[in-house]
Ligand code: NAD
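Next up: just one chain, as structure tokens, the form predicted alone.
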Amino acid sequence: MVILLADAFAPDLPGRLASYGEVTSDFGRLHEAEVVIVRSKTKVDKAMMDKAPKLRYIIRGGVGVDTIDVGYAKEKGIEVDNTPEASSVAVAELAFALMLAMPCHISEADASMKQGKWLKKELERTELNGKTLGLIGIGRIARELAVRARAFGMKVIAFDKFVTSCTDSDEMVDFDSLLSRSDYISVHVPLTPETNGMLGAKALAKMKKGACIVNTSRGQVIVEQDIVAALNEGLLGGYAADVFLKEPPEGSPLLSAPRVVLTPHLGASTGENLLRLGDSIVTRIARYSGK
């Protein structure tokens, strides 16, 4: 079978997959591919699948499958898989770094120092110790983040409509309670019709004044204009994101908003995680091929 690696993975992955089929990164051979392996960059839509008559298996190296038209794949008898176990530590570490960056003013301090400024008095820090972290969604990444937050002395509460109890959270609460009680909110939900725009003006109005949001989930779960308005009005203490409505986010109002820390979808981009992704993908290909 032909295995198309549509995005960049660890350099050793093609060799590891070679015993299961012919591995290529040439999109010109899409029509021959039985397996397509993607990350977040490649969108597997109806048009792409229609150009791949032999396609039977799609693997998303990562957590979400919103970049794949899962419904159309099902209609065509194409199996869709992902590797949620691989990226948890990498994304949780970035989420925690973003959470630290806001109260420590890392971005502003670094930029001002390079401009020859000394803003020691102006940049007053606050601590994570003793603060409450609210997790929207309590899956693998959120649980890894909870471990790190607790190590810093934070209280962890969580909302997840599918989970009633979790030892990684100090308390499971409803959505409104999480909004009103949290000093920091970190988002860990898949993109669905229900989560699309869940953090808009209505939800932001219920948050504790000065609270901060970290988003390593999907850009569409927040309403950009509402986030920027809350920042400008001083209702939101900060917003840090690794994901955006459009990537790259040209023209996004977030780019010029105050108290914002942004990274270019780096969550899963660690050397260690690429190796774990490779392990997960090889395991799934072995299962699929029956070897």
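Computed from a prediction, not measured in an experiment: that's the story for all the values here. One-based numbering along the sequence shown.
What follows is about the form predicted in complex with nicotinamide-adenine-dinucleotide (NAD), which we do not show.
Only one of 173, 198, 211, 204 lies close to nicotinamide-adenine-dinucleotide (NAD) in the predicted bound form, with a heavy atom inside 4.5 Å, and it is 198.
None of 131, 105, 218, 148 but one reaches within 4.5 angstroms of nicotinamide-adenine-dinucleotide (NAD) in the predicted bound form through a heavy atom, and that residue is 218. The candidate spot formed by 141, 162 and 267 is fully in contact with nicotinamide-adenine-dinucleotide (NAD) in the predicted bound form: every one of the three has a heavy atom within 4.5 Å.
Within this chain, residue 222 is remote from the site of nicotinamide-adenine-dinucleotide (NAD) in the predicted bound form, having no heavy atom within 4.5 Å.
Under a 4.5 angstroms non-hydrogen atom cutoff, nicotinamide-adenine-dinucleotide (NAD) in the predicted bound form has residue 194 among its neighbouring residues. Remark: residue 156 does not count among the residues lining nicotinamide-adenine-dinucleotide (NAD) in the predicted bound form, judged by a heavy atom distance of 4.5 Å or less. Remark: residue 226 does not count among the residues lining nicotinamide-adenine-dinucleotide (NAD) in the predicted bound form, judged by a heavy atom distance of 4.5 Å or less. Screening 48 to 56, 27 to 35, 242 to 250, 228 to 236 for residues having heavy atoms within 4.5 Å of nicotinamide-adenine-dinucleotide (NAD) in the predicted bound form returns a single hit, 242 to 250. In this stretch, 91 to 110, the one residue having a heavy atom within 4.5 Å of nicotinamide-adenine-dinucleotide (NAD) in the predicted bound form is 91; the partner itself is omitted from this view.
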